Ligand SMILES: Cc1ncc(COP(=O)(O)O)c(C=O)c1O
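Only one chain is given next, in structure tokens, and it is the form predicted on its own.
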Amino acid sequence: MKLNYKPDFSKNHRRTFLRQFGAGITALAVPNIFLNGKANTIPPINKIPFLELSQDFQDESYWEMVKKQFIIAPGKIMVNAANLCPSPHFVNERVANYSQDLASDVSFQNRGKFGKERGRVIKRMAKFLNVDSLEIGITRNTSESNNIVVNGLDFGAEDEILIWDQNHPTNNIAWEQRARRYGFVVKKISVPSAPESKADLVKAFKDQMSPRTRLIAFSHISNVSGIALPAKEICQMAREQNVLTLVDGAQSFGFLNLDLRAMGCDFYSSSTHKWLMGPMENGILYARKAVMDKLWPNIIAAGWKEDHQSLDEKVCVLGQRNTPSTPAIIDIIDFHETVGTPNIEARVRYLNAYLKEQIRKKLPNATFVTPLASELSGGITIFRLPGKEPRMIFQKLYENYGIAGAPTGGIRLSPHIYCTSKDMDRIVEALVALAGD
């Protein structure tokens, strides 16, 4: 498995890197960010050199250091990033401290800080995704973001929407329900179960487009197969035909090194509690400035204004929310940028490649739902064991071995940077034992 990074793994480089990394994270372990209602400044994560990776980049001592920033219970292995990730300890502390501050003083005066923090989060998120801050809104999760788009665009009986049949229900059933009400056509697209190239995946959508097609809605990476669609190519094809695109990024945001401007999508949705490893009950919605005015608000709460200037003001004024959790998004973005987003993507790809290799080697009868090729998959590995019901394996993995996965599409394992190669070895050992039962 080749990764295009040049390594520098001299002992001095590793020791300096880990020492700086540890010092930076420790700086965040501050008991309280508020004292008697007055804000104290938490030092930011120290900026350190990117870990340079290569095809032999398995510096497990570094990734063990990363793992220690999470409070995963001893003996447990979390490989369920496709559903929910643990957050680093400092994210949990940030949320807890803000929650305590709010509980101690719910006045409008004290709560004013949360509006300012929300503005800071939007600016950092926009920079993180290489878009304009006016194009970013904070929601509660991917589901809400998807439904804002589904219910916010105008379509009539003459229009057609293309959706991937592997979409999440919020980007699938939601379209079908709205079509029943307004009369437009929803056409489901299937892709080859064993695609040989990105071109195979793009062709599946291109062949179903017609003059009536107004929007293509698809998951960037499927949560039920692990197939990764070539989003940039699909969005470019759609733009050439004046067709809108909605990309559900629940399985790519926080894992891939993303640039939404380069991707060329019109709308992008995701959550912070999955691959970003951030606080729960926060999501993002991106709408390209040129198409923002096409969206009608779904919910109008106190504070909404007709002369909105940003996406957040236009469609994300949703009433009282879990405001103490949102500021911690900045902390997790700091963490991603400290470790290096390219390094995070490369590490997750390595873990999945290693896991697939070990399953193939030690469980040769296993059948993979997820493509083995890295360019056709992402951070999810789904497979089946002959004669074994996935839900039973899922349950036994946790009950007997403390391994948290999912029974989605088969046996679904989605490791993240808080996992190590040793964890992958333990998982395969457990699977071998369960396959023999």
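These numbers were taken from a predicted model, which means no experiment stands behind them. Heads up: residue numbers just count along the shown sequence, starting at 1.
Although it is not shown, the form predicted together with the ligand is what the next lines describe.
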Contact test in the model of the complex: H273 vs the ligand, heavy atoms, 4.5 Å: yes
is_contact(S310, the ligand) in the model of the complex, heavy atom dist at most 4.5 Å: no
4.5 Å heavy atom contact, R239 to the ligand in the model of the complex: no
Close approach of T323 to the ligand in the model of the complex, 4.5 Å, heavy atom: no
Contacting member of H168, R118, K294, H89, with respect to the ligand in the model of the complex [4.5 Å, heavy atom]: H168
Candidate from N141, T338, Q358, S133 lying within 4.5 Å of the ligand in the model of the complex - any heavy atom: N141
The ligand in the model of the complex: contacting segment from 186-194, 71-79, 219-227, 91-99, heavy atom within 4.5 Å: 219-227
Stretch 246-267: residues contacting the ligand in the model of the complex, 4.5 Å heavy atom cut-off: D248, A250, Q251
